[in-house]
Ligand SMILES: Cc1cc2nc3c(=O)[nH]c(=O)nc-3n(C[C@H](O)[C@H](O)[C@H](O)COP(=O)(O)OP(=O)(O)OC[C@H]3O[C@@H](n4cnc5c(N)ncnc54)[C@H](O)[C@@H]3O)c2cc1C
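A single chain comes next, written as structure tokens; it is the form predicted on its own.
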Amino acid sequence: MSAKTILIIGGGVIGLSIAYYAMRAGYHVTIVERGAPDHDACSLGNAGMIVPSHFVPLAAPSIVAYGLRAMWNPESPFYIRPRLSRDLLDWGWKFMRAATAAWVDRAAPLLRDLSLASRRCFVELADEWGNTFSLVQKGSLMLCKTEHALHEESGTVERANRLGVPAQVLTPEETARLEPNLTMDIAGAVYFPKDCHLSPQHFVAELTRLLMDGSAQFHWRTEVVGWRAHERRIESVRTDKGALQADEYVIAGGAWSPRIAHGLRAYLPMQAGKGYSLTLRHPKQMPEICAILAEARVAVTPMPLDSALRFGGTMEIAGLDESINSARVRGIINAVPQYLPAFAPGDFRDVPVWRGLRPVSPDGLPYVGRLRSYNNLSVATGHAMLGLSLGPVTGELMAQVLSGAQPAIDMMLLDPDRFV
């Protein structure tokens, strides 16, 4: 009997991870990607952080309160561009309804389990591949400029420890001993020893190379334009270069997934959350541990393979718009010296600005699993800021789903039909 064929739409870290684990399970894999082989996938310019510490879903009361305070500031970390959009209004209503303490209590254990399982996958892949993507297992720091922020983050420490995610509050002196290479002006920090960081571009490049060496087929610069279905089965996907057939189909198109699923019996509420990053080559100081500047919501990640330091952040809800909003970038640049006084805004002059569109569901959890309307169509998208962090575990779980096996983690809350 010939091996089952899997067609995956989307060549970002989620699609590639699914392809990799499906190939390891013995399936023939085809990846359809609208970009070129060197396409700028959303994960390439992100902060490269693996974060079991991020167990609170985006849909949380604290995020709503913060967003209402910050969204009117053009340089703030969170912004929703006002526009007449039925999809945006629908998403916003669902987000507000989901953002409750009860929902956080339900979602946090699942996000913890997913993150810890994905961390295990990254460690295994680093061992197998010779750590070609520079996985660093030294934890992360939440750097707090003010006593108020440090007090707020101490509540997260208590919840993290209850969930089995180690965390501790540090004084400025203790933080300096942990990170001696970095000059910091802070009130204190929170340390999450289970967090990690890596070089996302090297991870994606290695995944792609291994898939190509393993005989996976890639259709680059290929746009999905429709579907052919009969009753409960997808018969083919129509692209601008012709129809393609497979036994199983997976939509992993990131923020474009609802558009890809158009015409199918699927309802995937989604907004694109634009993020930005700037990468300094040969920076003045190079930390050893990745960090988040707490009040500014800016991530700082050392990337030693490239002798670079990356600063990234913001969540800009502005539709499928890939233009660069200079105010959002200015917010990142102006925040850095407040915490790290060795750096100045002038250091970022002429540094290229990267932007990517994160797929954001209304309840802060991704869509992962089979759609009920079809017996051979699955979805894996909506990971928001955790796409890279949850890439491998998503690939592992989807390989189990495609094989008909019981997934190792209960995926009920990830049901792609949960808003139907």
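Position 1 is the first residue in the sequence shown; the rest follow in order. Predicted, not measured: the structure shown is a model, and the values here were computed from it.
What follows is about the form predicted in complex with the ligand, which we do not show.
Trainee: Heavy atoms within 4.5 Å of the ligand in the predicted complex: which stretch among 22-30, 364-372, 56-64, 40-48?
Mentor: Selected range: 40-48.
Trainee: Considering the ligand in the predicted complex, which of 206, 152, 306, 223 comes within 4.5 Å of it through any heavy atom?
Mentor: Only one listed residue qualifies here, and that residue is 223.
Trainee: Sort through 91, 133, 276, 343 and report the residue having a heavy atom within 4.5 Å of the ligand in the predicted complex.
Mentor: Contact with the ligand in the predicted complex is made by 276 alone.
Trainee: Do residue 256 and the ligand come within 4.5 Å of each other in the predicted complex, heavy atoms counted?
Mentor: Residue 256: yes, in contact with the ligand in the predicted complex.
Trainee: Residue 13 versus the ligand, in the predicted complex: is there a non-hydrogen atom within 4.5 Å?
Mentor: Yes - in the predicted complex, heavy atoms of residue 13 and the ligand come within 4.5 Å of each other.
Trainee: Although the ligand is absent from this view, report whether residue 313 comes within 4.5 Å of it in the predicted complex, heavy atoms only.
Mentor: Answer yes; at least one heavy atom of residue 313 falls within 4.5 Å of the ligand in the predicted complex.
Trainee: Would residue 392 sit within 4.5 Å of the ligand in the predicted complex, counting heavy atoms only?
Mentor: No, residue 392 sits far enough from the ligand in the predicted complex that none of its heavy atoms falls within 4.5 Å.
Trainee: Verify the flagged residues 176, 192 and 336 against the ligand in the predicted complex: is each one within 4.5 Å by a non-hydrogen atom?
Mentor: No residue of the spot touches the ligand in the predicted complex.
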